[in-house]
Structure formats: C-alpha cells, structure tokens
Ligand code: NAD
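One chain comes next, on its own, written as structure tokens: the form predicted alone.
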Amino acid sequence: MNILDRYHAMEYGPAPEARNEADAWLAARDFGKALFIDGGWKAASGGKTFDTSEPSSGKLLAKVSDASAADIDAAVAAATKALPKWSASSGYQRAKVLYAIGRAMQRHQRLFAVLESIDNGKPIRESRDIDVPLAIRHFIHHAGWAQALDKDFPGHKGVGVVGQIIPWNFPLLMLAWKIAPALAAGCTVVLKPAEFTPLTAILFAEICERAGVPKGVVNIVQGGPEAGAAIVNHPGIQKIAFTGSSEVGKIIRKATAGSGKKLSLELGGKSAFIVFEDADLDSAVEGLVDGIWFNQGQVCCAGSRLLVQEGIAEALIAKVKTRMSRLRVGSPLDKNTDIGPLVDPTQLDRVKGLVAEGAKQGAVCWQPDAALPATGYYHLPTLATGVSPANILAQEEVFGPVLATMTFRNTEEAIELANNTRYGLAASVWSENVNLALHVAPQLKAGVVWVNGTNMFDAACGFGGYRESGFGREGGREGMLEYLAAKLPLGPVIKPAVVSAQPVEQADGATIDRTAKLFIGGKQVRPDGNYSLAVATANGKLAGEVGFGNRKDIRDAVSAARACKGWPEATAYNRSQVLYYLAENLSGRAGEFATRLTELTGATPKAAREEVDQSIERLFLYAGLADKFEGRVHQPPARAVTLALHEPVGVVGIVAPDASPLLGLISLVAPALAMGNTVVAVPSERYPLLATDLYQVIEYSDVPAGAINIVTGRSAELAGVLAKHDDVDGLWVFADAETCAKAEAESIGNLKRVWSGNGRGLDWASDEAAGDAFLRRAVEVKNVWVPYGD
C-alpha cells in the first residue's frame, strides 16, 4: 500500500477533549446556592431547584436553584442600590472592570468551552473556536465604548436597571452580548439564563467576583418561566432585553406595553441561503454546512431555506448530499464531531414532528446513511427537497439540522421567495458577481446579510432583525444605543380626548363651504363611512367639518403607502429636494396657516406665525439631513468589511398630538419621509383642519402619490387600527397614556416597532425635538458583510 492508498484509507479516530477540569468544577460547587445576588451566592427563597442534564447522555449534571419572584425582587433591589455609584463612575473605571472580565475569561476559556459543550451539546470546536473567543471580544470591545460614551453619545446616559433573559443555544455568547454593553453604558443588570444551560453563567458570576465587579452591578438568577415573568413585570426595571422565540417575544411586548420600559427583542428567523448560478458551488456547500448545521441548526439566523437557481440545482444538491454523508455526528467533546445532540428531548421531539409534517405536505426528506450514538438527543442532518413556499418546513423555524430547498429562475423571484416569510433576521447571498450580490442585499428584508459567507459576527457590528425577528440590535454602535437614553424635552401629560355631543355654533356663512376630505394615494377622497366630524374654532364656532376616518380608510391608506415604490427607491438627494420644495410652498402660504392656527387654537398671531415658521424650518432641517444621516463601514477582525446601511422602516403610522398641531405633525412626518419611509398620518383630533389645509401644498410639491396619506378622525380608534395592521412596519404615537399602551399591546401581530410618548407630549419647538433622535427611529440598520481576498 503506497502513501496515496493509505491517505484514502484513513478514518477518523477519536479525539476527545479532556473534561476532568470541568467535572472537578461541577463536583466542587453547591448548585443549590446558585443565585448570584448582590455579590453573594444564595439559595432560592422557596428552596426549589431544577435539573440540568447532559444532552449527549441524558445524565444529570446538577440541581440548580430555581429563583422565585421574591428572589427577583432581591436582585432588582441590589441592582437599584448599586446603580447610582456605578452610573456615576467614570468611563475609565467601567472600562477597567470590563477589561478585567475579558482577561479573566481568557485565563479560563478552556473551562468555559468544555462546560458549554457539556451543558449545551454543541461540538467543542464551536465552543472553543467561536463562542468563547467572541464572548471575550465583546467585553474587551465594550471597554472602549465605556470610555467613548461622552464623546460618541453626547446627551445620553444609561437607561438604569436592566432585565435580561437569554436562550440556551448560545448561553455564554448571549450573556456577553447583553451584559457587556449594559455595563459600558453604566447600567446594572439582572440576568436570567435558560434553564437548560445555566452552567457557564454560574462560572461567569465567579469571574465577576474575581474581576472586581462591584456588588449588585451584575446579578445572575437561575430559574424558569416564573423568574422570567417576574423580571419582565418588575416595576424597578427600566429596560428588558430578550433573546428567544417570537411567541415569547410577543408576550413580553404585550406585558411591557404602557410601562415605559425600553425593550429590545432578538427573536426567531427563517433565513434564506441564496445561491446564484455563477456561485462557486464548492464554497457555497461549505458555507451551507456552516449556515444550517452549525450548532445542530439551533441558531436563530440559521440558513434553513436554500434557494438555488434552477440551472445549477441538480449539481448543487448532489454536492450537498455528498457533503452531508461525510458529516460526523457524535460526542460534542470529540474534536472531529460536526453535529452534536440537540439540547433536550422536547426539542428533539419538536424537530421530528416538523420533519414528519413537512413530508406529509409534500417535501422529500433525505438523510445520510449514518448511525446515531446509542444515548443522547441526536438527529441526523436532513435535506428536504420539493418544498413548496407554503410548506411548514419553509415557513416555521425548525431550530434543528433541517434544510428546506426551493429553486428560482431569476433574481426577482429569488428576492420574492427570500422575503416570503414573517421573519427577517438574516440572509446569505452567494455569487461571484459582487455587483449582483450588492444589488440583492438591500432588497432582502433582513437585518444581516452575508455575501459569500455565513454566520459572521463581531462585537463591532450590529446584529438583529426586522418583522417577527424582533427589533433592536446587539453589538456595535447601534447595540450601545439600546442601553442608552437621550433626554427628550417632555411636555405636559396628554389627557384623553373628550368626545362632545354638544352642537357647535354655526359660522356666519360669509365664506363658501370647503369640504375637507381624506388624503389617500395622492388624492382627496371621501371617508368610507361617509360621516363627518365638526371642528370648532377657539371661540366655539364651526370652523368646518372633516372626514370621520375608519378602519377601511386606514386600510386604503396603508395600501397606498405600500404601493408607493417611488419614494423609498428615490435617492436621498431627490427626497431632500422634494422636502425643500414642500417647505418652500408652505412658506408661500405661511400667513394663511398662521391665521388658521389662531382661529382654531386661540394662539396670538405672533405665536401662530412662530409655529408656522418653525414648521418650515423643521422641513428645511430634514431636507438637509436626508442625504447626510448615513450608515457606516465597520472593519471587523476578519477579511471582510461590514456595511451598516440605513434603510427605511417601511410604512410608518403616525398619530400626531393636539399640542403644536402643525409643528408636531411636521416634526414627526418630516424625518420619516426624509429616510424614505411612506407615511399614514392621523393628525391632531382637535385641530385637523391644519392637516387638511396641507393637502394642496403636498399636491403641488412633487410628493409621489402614496408617500404621505392623511386620515382624520378619532386618534385613539385609528391608532388601534394602525397598531393591528400587519402591513404597518412602524408606529409613532403621541396621545394619552391609555392610547399609547393599547397601541404597544396591539402591535404584536407583526411586532412592529412602536415609539410612544407614554402619555406625555414633547416641547416640539425645542432643538432636542428634532434631529438624530428622530432619524434613528426612522431607519433600520442592515449590516451587509462583504469578504475580500482569495
């Protein structure tokens, strides 16, 4: 036998990672006192524990303290007590602590990796080479942000006490993603790990003790649903950060509605892996292995939908099957293992059930001929072909090693198939033509797009999704903003509108009657219900009547906004010209609008003219910023650049206030338009004639039909309709507290981004009520990773 024969005859031998240090660590701990609160270790107040088991064998690892609501109270009290001193400490002092955490983790990184693989089941190569190094990177990276806060985020401060709930698929990495920016911002933390995977969080708490983290700054509470609910509902917490399923994310959104808590949700996904006919197929196959079988497919951004161009589909599928047959399924502590066990038997049963249902719906499910280990929660890698777009395997997040395959004919069909999902977390585009890849990437409704790569992450680059994949970002500049608050100039409490049944005194009839309709799709239209609302002047006389908009009118307005492609696709420079022109034309009728303001609100002529002039100035401001509030280019420690692109949110619903009725409306509509959004606006309920007077200005200012739609009526009712509408992508509400809370609670259908004043108005005339704070709410940040080099 020659050397070449020996090479081909070689088989993998066992390459086990030693676990003796991890077993010694497990044996030395009292997990009945695993709650880390106020710098000390405590048992659960009720004495309850839960079991954590090893996925590769099913053997019990530990019985861990199960926190109750009383324990959460204690943790929040400790975090609240520690907050003033921690938030007042200098950036340098916080940076030193973050750096010490990172260095201490480096010294114990092998122990972290082995514990992670034992507890979670992921292959040791992934824990050792990806999860732990990236977790360390987050702490050292955010040490720099701690010192840069005053310079890079002027006028911002930490939000306060933060409640964080993390999942079981990346226990240590998710912990780092959440705790590092919170500490850098000057927040204190109460974090709950997943019940399935508590071990590395306990080891991390020990690191906090060694690294000099002040008592109460970091509190880690193990527990189940009761502990999670107590964190979400606790009045002493100012922000909730959650990573997990979309179903639980919706529950949290509804539970926090009206509370004023800041909220970020990083939820599920059904990411598209798009392979064009000019792609390097061998590279694409290797990327696919990483995209769907990394961590057994238990990844929220897993490339679980393979979209392949028809001309290469047969060749690519053949290569994928060959590669799948060589994947090694086995012990997570074997360095040769590609696929370890799923985390728990319940997860294994769920994956099996979804595969069976997918086959029942017509998919052909193929698995390599390989034996599974005798013990543990293993599932073979599975390839589903013949999958229709409506098949459960194409629509539901399996969270297992299952790949659904579909074909496409051209670029437009690929984009349509990729966006045919309620999720919007990530996507991967494979083509040797970088022009094609960068043409496709901005059209994908996903927060992260990888070009000729997949599962690339870095602390300097934001990660997060659109739609039912949640809102908010982890990492980078935008991740820091999730833990900071800007001080907006609050106005008075907004009182609920009082619907009066008293008749309005008729006007003198000296002028010709003007019918104020709705403004939808660039046209003035009658309300669907054919009812009108009387509008009174400041002295109680009839100023006019406006359309009484209803659910159907909102539907029509949203349809017009969604159909308006010209505005979001226009260049920022073109949008700026239109906004300048709108300001110019409003300026030509400034006297008329000032007179109307005085008539309706009773403002003095001088004050009314000031509001009109400020409205024109605000339009000028956003016209000028339309082509200046741009994204960034990140340079992560990899052979890639990351383009952090600013994209419009989409269709934005706006419920404007009664206070400063013209300036308030324009202060909200203008930034949304500047960033390329289309708008459905509900103007001041009390003074809607100011908005209806704008119709003509809009009509001769070159605004595309559907870019601005205005529906007059009852603010509370129309806010609810906008909140429930799944074709509305964002909602801004400045109304009474009850209306704001209902809008947040009813937005869970598509988890749209909601910005509300929580029942408070703003000082719309102040400089702080304009600029970047508003523009940030008008954009989604999409991170496009572009690798380079051979």
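From 1 onward, residues are counted along the sequence shown. None of these values were measured; they are calculated from a predicted model.
Just so it is clear, the following notes concern the form predicted in complex with the named molecule, a form of the same protein that is not shown.
The candidate spot formed by 169, 195 and 228 lies fully in contact with the named molecule in the model of the complex, as each residue has a heavy atom within 4.5 Å of it. When contacts are judged by a 4.5 Å heavy atom cut-off, residue 224 counts as touching the named molecule in the model of the complex.
Of the heavy atoms in residue 397, some are within 4.5 Å of the named molecule in the model of the complex. Put simply, residue 266 is close to the named molecule in the model of the complex: some heavy atom of it is within 4.5 Å. Although the partner is absent here, residue 148 sits far enough away that none of its heavy atoms falls within 4.5 Å of the named molecule in the model of the complex. This chain is displayed alone, yet in the model of the complex one of 187, 663, 232, 307 has a heavy atom within 4.5 Å of the named molecule; that residue is 232. Checked against the named molecule in the model of the complex, the candidates 491, 676, 244, 258 yield a single residue with a heavy atom inside 4.5 Å, and that residue is 244.
With the named molecule left out of view, the stretch that reaches within 4.5 Å of it through heavy atoms in the model of the complex is, among 665 to 673, 86 to 94, 384 to 392, 247 to 255, 247 to 255.
Looking at 286 to 304, the one residue that comes within 4.5 Å of the named molecule in the model of the complex, counting any heavy atom, is 300.
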